[in-house]
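One chain comes next, on its own, written as structure tokens: the form predicted alone.
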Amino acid sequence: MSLPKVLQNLRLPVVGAPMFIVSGPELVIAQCKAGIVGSFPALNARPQHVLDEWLTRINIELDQHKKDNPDAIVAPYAVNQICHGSNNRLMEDMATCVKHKVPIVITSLQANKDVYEAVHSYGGIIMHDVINIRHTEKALSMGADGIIAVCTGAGGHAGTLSPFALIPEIRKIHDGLLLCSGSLATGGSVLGAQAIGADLGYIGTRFIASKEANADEGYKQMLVDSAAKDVVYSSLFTGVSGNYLAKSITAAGMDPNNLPEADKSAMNFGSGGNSDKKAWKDIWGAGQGTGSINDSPSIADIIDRMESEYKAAKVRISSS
């Protein structure tokens, strides 16, 4: 299918996933300058008026970069909105997004018709993350332009379905924009996601271990030192099941192999909510792709490497 116009000029078919605490203007700007979509959760900008400051900065710096480098591929950016009843900032944040005409809005947890209509009012597009077909059908019925399939092995809140199962099932009911999330950390994995029916890869963990990420150096090093076996799936920390680094759980004084379950009622996104709690500061989220992370360079270097891997994977497949 033809990608929406805003996504037709990417250097690599990748969207950088929004990550609590980690994603800020520095990371987003670096990703966009490198030719992939950069994104951040609106709730990372605290207090609320900081969101306007961040969007102003992102727009100014990307516009200037385009002027200074007329031949460069500069990707659009996206803002993630947590559409949950406890997020008492949602509509105020959306008013700020409308003011800046944010080109892409990523919605999470719930589909929200008011948010969708606000984004569509100025020509923006909506991408909604899902973990199953039921969520997909609901988002599409409300007018979502694209679907992000959050599959097993994805960092943070993740589903349990294999991309080899979920992507083809979504394709039965949706021939539009489709992204794949879950353990993608190399250019080859991005091509693999496209091979099973996705248009773009959706990557978070690989970008935590970068110079521009707002992450503790210990977090970045733990990603380098960890593998897929070191990732634990638990609902304890937010009320929704997600993937976390076992070593960070141990460092917080808990047994990663014996964690109690938590109810969804534990979720709280009011004025930052869970992001202010110890869970988001000391328990570090990561996807199973962490085993492919061996260093923490700049975003520009990571994308250079991914592009080479992507091209090499194409050659490898075509010659086999």
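For clarity, every value in this text was computed on a predicted model and none was experimentally measured. Throughout, we count residues from 1 along the sequence that is shown.
Not pictured, yet referred to below: the form predicted in complex with a small molecule.
Colleague: Name the residue from S108, N87, T96, T186 that puts a heavy atom within 4.5 Å of the small molecule in the predicted bound form.
Modeller: Looking at S108, N87, T96, T186 one by one, just S108 meets the 4.5 Å heavy-atom criterion.
Colleague: Can any non-hydrogen atom of C32 be found within 4.5 angstroms of the small molecule in the predicted bound form?
Modeller: No, C32 sits far enough from the small molecule in the predicted bound form that none of its heavy atoms falls within 4.5 Å.
Colleague: So, in the predicted bound form, is A286 in contact with the small molecule at a 4.5 angstroms heavy atom limit?
Modeller: Flag for A286 set to yes.
Colleague: Wondering, does Y219 line up within 4.5 Å of the small molecule in the predicted bound form on heavy atoms?
Modeller: Result yes; Y219 sits at the interface with the small molecule in the predicted bound form.
Colleague: In the predicted bound form, is there a heavy atom of the small molecule that lies within 4.5 Å of any heavy atom of G153, even though the partner is absent here?
Modeller: G153: yes, in contact with the small molecule in the predicted bound form.
Colleague: What stretch, of 119-127, 135-143, 201-209, 227-235, brings heavy atoms to within 4.5 Å of the small molecule in the predicted bound form?
Modeller: Looking at the partner contacts, the answer comes out as 201-209.
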